[in-house]
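Taking the form predicted on its own, here's one chain by itself in structure tokens.
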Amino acid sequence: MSWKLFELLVQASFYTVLISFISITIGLVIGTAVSAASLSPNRALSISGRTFVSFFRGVPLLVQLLLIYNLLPALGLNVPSVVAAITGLSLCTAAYQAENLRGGFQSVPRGLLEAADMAGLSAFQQFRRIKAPIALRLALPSLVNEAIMILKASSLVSVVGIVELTRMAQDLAASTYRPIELFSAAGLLYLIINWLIASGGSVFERSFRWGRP
């Protein structure tokens, strides 16, 4: 395989990483809110959070992408394909991240929350200064795994017209008739990117001071 073909795959891999990173970041914000809603004593919020998780975990990502891609124009929102792709990935990963964070929130030592009550911290202050940091710390391994899964799942955004790594490999294979070389190279790039994510997650995890809240 020529260097020019490999360079095109590398360029497409950067696009894959960018879309995945944006989706994971947005998904983490949404997932945190959904997780907090699911654990809320307010019944309406709790039901809304659980419904969100059930829907986006129960419907295949491919169906979600196609639904969002066709639904937005029907609502009068003519957005670029990349926006539809990021929206679909973000909502999907938010549901999984919400469940990961829910486990983290439920693992926060009750003694810390009782101490926060005695110190006069409001519910929001407890969430921001105690619950969220500890939940993120405990859920980090699962969140890193979810990041890897989303990066691989990003190959599905080609159905809405996004030329990411897998789609680029398909297009080049169709024009050069060298599918084995191109898909092997694409697989190698996915492997390298996911190894970097896993390694970065391990470093980040070790950087936490686990003995302190």
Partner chain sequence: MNFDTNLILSIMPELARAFGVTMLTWVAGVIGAALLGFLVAVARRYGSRWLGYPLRLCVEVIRGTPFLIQLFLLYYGGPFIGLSLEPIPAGLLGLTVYGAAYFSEIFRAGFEAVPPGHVEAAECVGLNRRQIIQRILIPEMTMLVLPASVNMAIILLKETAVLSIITVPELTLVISAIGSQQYAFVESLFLLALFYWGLVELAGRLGRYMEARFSKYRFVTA
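These figures come from a predicted structure and were not determined experimentally. Residue numbers count along the first chain shown, from 1.
Below, we turn to the form predicted in complex with its partner chain, even though it does not appear here.
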Residues 58, 66 and 194 are flagged as a possible site; in the model of the complex, is every one of them within 4.5 Å of its partner chain by some non-hydrogen atom?
yes
In the model of the complex, residue 32 touching its partner chain (heavy atom, 4.5 Å):
no
Evaluate residue 36 for contact with its partner chain in the model of the complex, applying a 4.5 angstroms cut-off between non-hydrogen atoms, and reply yes or no.
no
Does residue 15 make contact with its partner chain in the model of the complex, using a 4.5 Å heavy atom cut-off?
no
In the model of the complex, does residue 45 have a heavy atom within 4.5 Å of its partner chain?
no
Within 4.5 Å of its partner chain in the model of the complex, counting any non-hydrogen atom, which residues from 158 to 180 show up?
158, 159, 166, 170, 177, 179, 180
